[in-house]
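Consider the single chain below, provided in structure tokens and representing the form predicted alone.
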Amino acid sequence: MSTGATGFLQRYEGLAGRLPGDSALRSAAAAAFKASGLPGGTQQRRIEAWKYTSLRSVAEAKFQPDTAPRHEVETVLAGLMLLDAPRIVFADGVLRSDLSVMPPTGFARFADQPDFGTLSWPDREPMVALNTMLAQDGAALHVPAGFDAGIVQLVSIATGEGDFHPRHSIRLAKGAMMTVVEISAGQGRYLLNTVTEIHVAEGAHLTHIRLQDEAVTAFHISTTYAGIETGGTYDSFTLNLGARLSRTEVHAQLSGAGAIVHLNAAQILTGSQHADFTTVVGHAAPGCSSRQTVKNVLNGRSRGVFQGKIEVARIAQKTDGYQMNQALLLSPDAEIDCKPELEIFADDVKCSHGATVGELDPDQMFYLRSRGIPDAEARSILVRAFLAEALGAVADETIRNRLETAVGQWWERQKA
């Protein structure tokens, strides 16, 4: 067990009895975390799912909860260019009602109504176990049958050098619709370790957009469990820009006939950043489809990871599954690790996966430069063209424009 794991366990012991929710569940999660430690820490047991991503740097960090300069929260929030829609703001893992514009209905706090859900696996996932034993707050969103809740923004701001473990849940009843725009940003060297459980009922449609733009000294871990029932749709897009180290992990289970899941993403990294996008899609019913397209733009000594697994049960005939991972290396020192997997037990399926790795086309660069376009701008044009397909998966024009703006700001920061 690593020193970092010991610190988390000591804090849990100090908080035990004061944390909301099922104390027995938290105690079991603490036991699981003690046994596993942090992936890539000093423990000897190898965790295959974390083969390409080590949390040794997290284990070596010394987080100091409750010491963050709270006045910085407003500064970070002001720079996010939020949409004109309800927003639920969590600062250092705790709801800030004064900074939020609450949706009219369907919201509850984890701190007031703690519910750990039924889909997560703290006994199998070390970071889920860590969240389960230390979660203090989060958002619970529920959309009733047949209702369109529109856009709801879920904002997490972290400052200072603490570790924060939000616990969110999203539930759409039969035929309901909602778009959740999840944004995370901050200042300092902190850990944000979020667990989200999603239920999409029959015929419901959830669009889930994530913008991860953390401080470049921070650590970001996000684990999502999604269950999609008959004819339901979970349409997800993730844009990873910030954090020293980030991992976005999604477990999607298609449990009803005709269910649909889209798990698309773009990762744009520089310096020594490390970003891991890992998915497991379980086809457990006939006639379901899944789509995953992940684009990586890697500069400096950055490292991108894509692990995508499609599991097709024997009952899941007429499955249509697709994966594609593409990487654009802007530096000879950048690295991409790709591990697509197909596990198929049905015999009437259409499943495929692919991967490409390349660099900027020198002929295209020459064409742009010959027309007076500076080198940095020419590179930006070609990179944006490479990302266009990924961003084009976001149907809402306003949200897509917000993501394109975030990409543009990322490029401007590289020039500074």
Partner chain sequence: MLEIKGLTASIGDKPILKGVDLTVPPGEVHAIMGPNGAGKSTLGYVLSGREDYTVTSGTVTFNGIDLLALEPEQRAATGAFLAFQAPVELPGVNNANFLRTALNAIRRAHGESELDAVQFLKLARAETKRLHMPDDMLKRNVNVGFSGGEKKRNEVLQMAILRPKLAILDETDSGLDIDALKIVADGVNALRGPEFSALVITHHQRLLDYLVPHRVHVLANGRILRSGGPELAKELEKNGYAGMIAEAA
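Computed from a predicted structure; not experimentally measured. Residue numbers count along the first chain shown, from 1.
Form predicted together with the partner chain: not shown, discussed below.
When the partner chain is considered in the model of the complex, residue 348 lies well away from it, no heavy atom lying within 4.5 Å.
Looking at residue 377, you'd find a heavy atom of it within 4.5 angstroms of the partner chain in the model of the complex. For the chain shown alone, residue 48 is not a contact residue for the partner chain in the model of the complex, no non-hydrogen atom being within 4.5 angstroms. In the model of the complex, residue 369 approaches the partner chain with a heavy atom inside 4.5 Å. Of the listed positions (360, 35, 385, 357), a single one reaches within 4.5 angstroms of the partner chain by any non-hydrogen atom in the model of the complex, namely 385.
Contact with the partner chain in the model of the complex, defined as a heavy atom within 4.5 Å, holds for exactly one of 352, 57, 64, 364, namely 364.
Residues of 190-226 include none with a non-hydrogen atom no more than 4.5 angstroms from the partner chain in the model of the complex.
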